[in-house]
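Next up: a single chain in structure tokens, the form predicted on its own.
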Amino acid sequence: MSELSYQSPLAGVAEPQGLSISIREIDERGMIDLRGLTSDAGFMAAVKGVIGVGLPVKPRTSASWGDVKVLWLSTDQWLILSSRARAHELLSQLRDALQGYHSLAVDVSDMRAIIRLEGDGCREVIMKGTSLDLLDPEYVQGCCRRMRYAEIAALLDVVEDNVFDIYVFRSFAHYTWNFLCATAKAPAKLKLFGAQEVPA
């Protein structure tokens, strides 16, 4: 009997050339969609016991412990991130710990593609496809939020000051990749007026 094997939605794409920032796919990340009630102390404690960190309850925030990261998606929904190899183990532990609680935990590792942008100018590149003002002080390390990007649904995670992960449904992976490669070309680089040095 043949075994299932994972194939990246961006497998085979050419390495981008002539860009003002670095763009690459993150393809070894496992993802678990978790739903439950923050008002249920038992649920919250059970999840923390498995992943090692409390679920973030403040909108647009995240929490990390070791190689596990949790993104807040809504008042009763989180995306738990880990290595792809560990996701199955975490899911099994969560389901065991959450028996009897009103909750849902599903492995969605194959649902999305993750594209990482790195380097000075990432914010300007991303803002070409969204109405978000990424210069706002809210968008610091640990911030995450859903957004409309290039007319499709996406999820933004601020990993570091100049490192961003964009999550899109895998059917839009090539579209998003091509859009980013076009808007990140060196000749299209933008320097925002407020960030320019004052001429001598």
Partner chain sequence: MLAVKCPVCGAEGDETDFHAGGQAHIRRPATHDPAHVTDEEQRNYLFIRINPKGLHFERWRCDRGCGKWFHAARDTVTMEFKAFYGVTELPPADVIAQAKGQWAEYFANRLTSESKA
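What you are looking at is a predicted structure, and each value in this text was computed from that prediction instead of being measured. Numbering follows the first chain given and starts at 1.
What comes next is about the form predicted in complex with the partner chain, which is not displayed.
- Across the proposed site, 35, 76 and 145 without exception bring a heavy atom within 4.5 Å of the partner chain in the predicted bound form.
- Residue 52 falls outside the set of residues with a heavy atom inside 4.5 Å of the partner chain in the predicted bound form.
- In the predicted bound form, the partner chain sits within 4.5 Å of a heavy atom of residue 153.
- Under a 4.5 angstroms non-hydrogen atom cutoff, the partner chain in the predicted bound form lacks residue 63 among its neighbouring residues.
- In the predicted bound form, the partner chain sits beyond 4.5 Å of every heavy atom of residue 68.
- Per the 4.5 Å heavy atom criterion, the partner chain in the predicted bound form is contacted by stretch 130-138, the sole one of 156-164, 41-49, 130-138, 26-34.
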